[in-house]
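We begin with a single chain expressed as structure tokens, specifically the form predicted alone.
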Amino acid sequence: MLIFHLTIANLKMISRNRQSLFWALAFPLIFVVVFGTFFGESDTATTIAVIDNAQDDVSRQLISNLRELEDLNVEERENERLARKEFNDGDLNYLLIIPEGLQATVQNDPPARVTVVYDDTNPIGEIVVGLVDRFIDQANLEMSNAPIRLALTIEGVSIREVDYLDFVLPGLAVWGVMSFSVIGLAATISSYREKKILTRILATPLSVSIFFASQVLAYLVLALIQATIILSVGVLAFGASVEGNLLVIALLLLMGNLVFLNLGFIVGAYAKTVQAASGLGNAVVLPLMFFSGVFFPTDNLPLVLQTLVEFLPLAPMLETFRGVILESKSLTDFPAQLSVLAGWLVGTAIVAVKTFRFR
């Protein structure tokens, strides 16, 4: 019961610290709102405007078949000059122009020239043009009555599309937990040392192990609250996806946070003041945040850095966390990542015990 009351007391002290609450909750939520605003749920279909200068049976059939393509919205426009102006003004991304006399041309003197206008600086443009090009090839085969020599057997597999918000949201949740666990705990320990609280504890009947266990439990509870709020805002406000088992997600979060808390104890052991603890904590957190895949996949890093971050605590934590959340995988699917985390858990615990001092 004593450890329970101490844990509640620690949570109350943390909640009274507005600056701590800002770093723990408000700051990560700002990023969730920013990324959710720019990368939240939106219509993924691409719009292509069509100028039908032919107005014959072939052009109408061509447009009708084009409308059947998935993820492609077809809008017919009557005035080519105005459509090109919209394109130049950035109001249109793709423009398909069907020439006059299409039916007569394909019957007597093919090929007819159908024009696609697009911005060649847009990396998605090549994909859309390729889609239209394959559509034109298929239309050519149909009009020439070419015999079918190959048939395709379709095996549909449902693969959930993961957008950038889905990718970054677990990273923001883990980053928020890590930042507060490392910086917040280090600052708390440094403050206790400055105020001689740790020295006074040694003179009381209170067990030192119970005191530190209550600190750890308080931060673990806060980690679950942080992650729940951050993930819930992403899901409810911006349509992000959380597919995995909630108990597995919580278990993984607690395991990873134990590593971060050990790092917080180590930083707090070397920091002589609260300001120093904050500075040292940021020196630990910021490199991990930028290089371990919080905002971008680690595949984009140089090969040497990719290899290095695989053995840091945050990268395997994030890889496992995303696999559980986005693909509903189990922890057994990540033996290598969990082994790295377990190594960090044991190693940092040993270092924290060896380096910690009460005075």
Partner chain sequence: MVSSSSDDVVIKVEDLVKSFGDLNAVDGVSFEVHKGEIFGILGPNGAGKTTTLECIEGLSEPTSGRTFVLGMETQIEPENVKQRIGVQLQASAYFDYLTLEEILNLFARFYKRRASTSELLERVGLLDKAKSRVKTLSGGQQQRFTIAATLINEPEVIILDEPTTGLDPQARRSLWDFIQSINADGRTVVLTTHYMEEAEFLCHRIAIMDNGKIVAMDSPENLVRALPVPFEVKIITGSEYNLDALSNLTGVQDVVDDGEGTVRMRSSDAAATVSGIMAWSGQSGAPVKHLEVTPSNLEDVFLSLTGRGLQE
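From a predicted model like this one, the values you see are computed outputs, not experimental measurements. Numbering follows the first chain given and starts at 1.
Separately, the form predicted in complex with the partner chain exists; it is not shown, and the next lines address it.
- For the marked spot (L6, K196 and T204), a heavy atom within 4.5 Å of the partner chain in the model of the complex is present in each of the three residues.
- For R77, no non-hydrogen atom is located within 4.5 Å of the partner chain in the model of the complex, even though that partner is not displayed.
- In the model of the complex, M13 approaches the partner chain with a heavy atom inside 4.5 Å.
- Although the partner is absent here, K85 is not a contact residue: none of its heavy atoms lies within 4.5 angstroms of the partner chain in the model of the complex.
- In the model of the complex, the partner chain sits within 4.5 Å of a heavy atom of Y192.
- The stretch in contact with the partner chain in the model of the complex, judged by heavy atoms within 4.5 Å, is 204-212, chosen from 86-94, 170-178, 204-212, 131-139.
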